[in-house]
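The chain below stands alone, shown as structure tokens; this is the form predicted on its own.
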């Protein structure tokens, strides 16, 4: 399989008053098209920061990021926005559904951002909800859904544009065990049936074990950073 993502010596610093703080030590990784990858590690290791950079939600302070063999490290905000719309789908721990919109309207919104208003958008949104098993809740509001149902709705929103890459930040972190297993089975099926590359962050070993590749943060750091992390 071809490499869809290649990252080399990527690092993220932030300025806090007069201090420079490293929130992502220099790290490198490769992900192949069609992989289902779990990025694991201790709290504060930089997992979510790395995921945000991979998903073009943030930019690194240094290093290189290649997507489909194109260097996208220093893209403008406009170019990153376009890339987000064309390439990625996002699933978050807290769902981020819009409370005053119905479930089907929340899902349809992703299509509106992607390609504007279209008569078929509502039908596509309903089909996505049907695929996730919650079509009967299409006209409900997020507050009327359980946590598992809200996460299914957020997955429907993420996949409706048929992204090449799904980015999932602790997608089961707010769910009980049964719902977590159901959500992971859904993600595995999306990965298997559509060839969608799935990259998720988790601290749960069982969840990580359901992916076909596990990348512990400590193995991604350069040798210098590995020594620093172990100190």
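Positions refer to the first chain, counted from 1. Since we're looking at a predicted model, the values are computed, not measured.
If you look for the form predicted in complex with a small molecule, you will not find it shown, but the lines that follow are about it.
The stretch among 61 to 69, 160 to 168, 189 to 197, 42 to 50 whose residues place heavy atoms within 4.5 Å of the small molecule in the model of the complex is 42 to 50.
The candidate site formed by 10, 208 and 214 is entirely out of contact with the small molecule in the model of the complex, as no residue has a non-hydrogen atom within 4.5 angstroms of it. Distance criterion of 4.5 Å from any heavy atom to the small molecule in the model of the complex singles out 93 from the list 121, 131, 93, 87.
Contact check for residue 18: every heavy atom lies farther than 4.5 Å from the small molecule in the model of the complex.
At the 4.5 Å threshold, heavy atoms of residue 203 reach the small molecule in the model of the complex.
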